[in-house]
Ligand code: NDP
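The chain below stands alone, shown as structure tokens; this is the form predicted alone.
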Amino acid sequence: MPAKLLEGEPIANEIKQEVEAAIADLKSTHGLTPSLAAVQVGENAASRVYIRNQRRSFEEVGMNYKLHELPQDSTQEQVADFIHQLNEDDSATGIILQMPLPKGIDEKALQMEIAPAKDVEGLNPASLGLIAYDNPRLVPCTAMAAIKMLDATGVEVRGKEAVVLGRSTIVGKPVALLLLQRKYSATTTVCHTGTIDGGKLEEHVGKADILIAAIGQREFVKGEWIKEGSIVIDVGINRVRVKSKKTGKTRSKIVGDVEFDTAKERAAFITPVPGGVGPVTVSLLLQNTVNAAKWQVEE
């Protein structure tokens, strides 16, 4: 029996409703409207599209969004100084550093400069450390989106074999830490390039009751590896060119890290790409911005 699709839009809409209610509460109780300060260094066409979509999402739920554009030739110190100014600016309750940054700029060092209570991407070491201490406040949005998709299945996670493919700071590591929380108590394995080089990836995937794929390689995980009845959450977003059999023309297509067509015949639940984790990730940036504002009010 084909897997049940874990569509992201319904989950994202629920989160947006929670966000709108929280914004109304902050306004009525504290006279505060959450506001995101987006910092872009230099010019990037792809980033422009992302920023435009960000702005629209924030305005739709009634939050403020302000873009700060810094010159292409800005130094590491100049960008850090600007972030420090935003840290002290009470009108900016959240800060996001737009990617990509110009060559020569250390993005990890700049993430460390963002005040933890304004770190809406959850990438400051303090934010990640709180996850390790079972007290998450602002969690990386894509990692949390994967967990939200898992929650949507209604499956009891405790004791299940969870396999995370990828060890990035944005997805792999925080997802693994969240799955290890007492709330979930999954038996968690993290696979990476060393696992692949050791020839053990297929073995680990085949044991996974829960598979979260975030390695950034198109359809790298073969559908035949997937365990029967498992949950597959595909975080991968890979653009490929495909040729139409009818017209012979090529077009752009987005695929995940997992061979979807084969995997869906084996899994119990699976996320589509696109339309799965993506919409939830966007809504969680909104939620993180609200939660950051709440954190600042508490302090």
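This structure is a prediction, so every number in the text was calculated from the model and none was measured. Residue positions are given as counts along the sequence shown, with the first one as 1.
The form predicted in complex with the named molecule is left out here; the points below concern that form.
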Students should find that, of 216, 125, 100, 71, the residue having a non-hydrogen atom no more than 4.5 angstroms from the named molecule in the predicted bound form is 216
Taking the named molecule in the predicted bound form as the reference, which of 26, 237, 63, 51 has a non-hydrogen atom within 4.5 Å? 237
The named molecule contact at residue 155 in the predicted bound form, heavy atom, 4.5 Å: no
In the predicted bound form, does residue 167 have a heavy atom within 4.5 Å of the named molecule? yes
I'd like to know whether residue 208 contacts the named molecule in the predicted bound form, with contact meaning heavy atoms within 4.5 angstroms. no
Applying a 4.5 Å heavy atom distance criterion, does residue 93 contact the named molecule in the predicted bound form? no
Of 113 to 121, 128 to 136, 83 to 91, 196 to 204, the segment with heavy atoms within 4.5 Å of the named molecule in the predicted bound form is residues 196 to 204
Heavy atom within 4.5 Å of the named molecule in the predicted bound form: which residues of 274 to 299 meet that condition, in order? 277, 278, 281
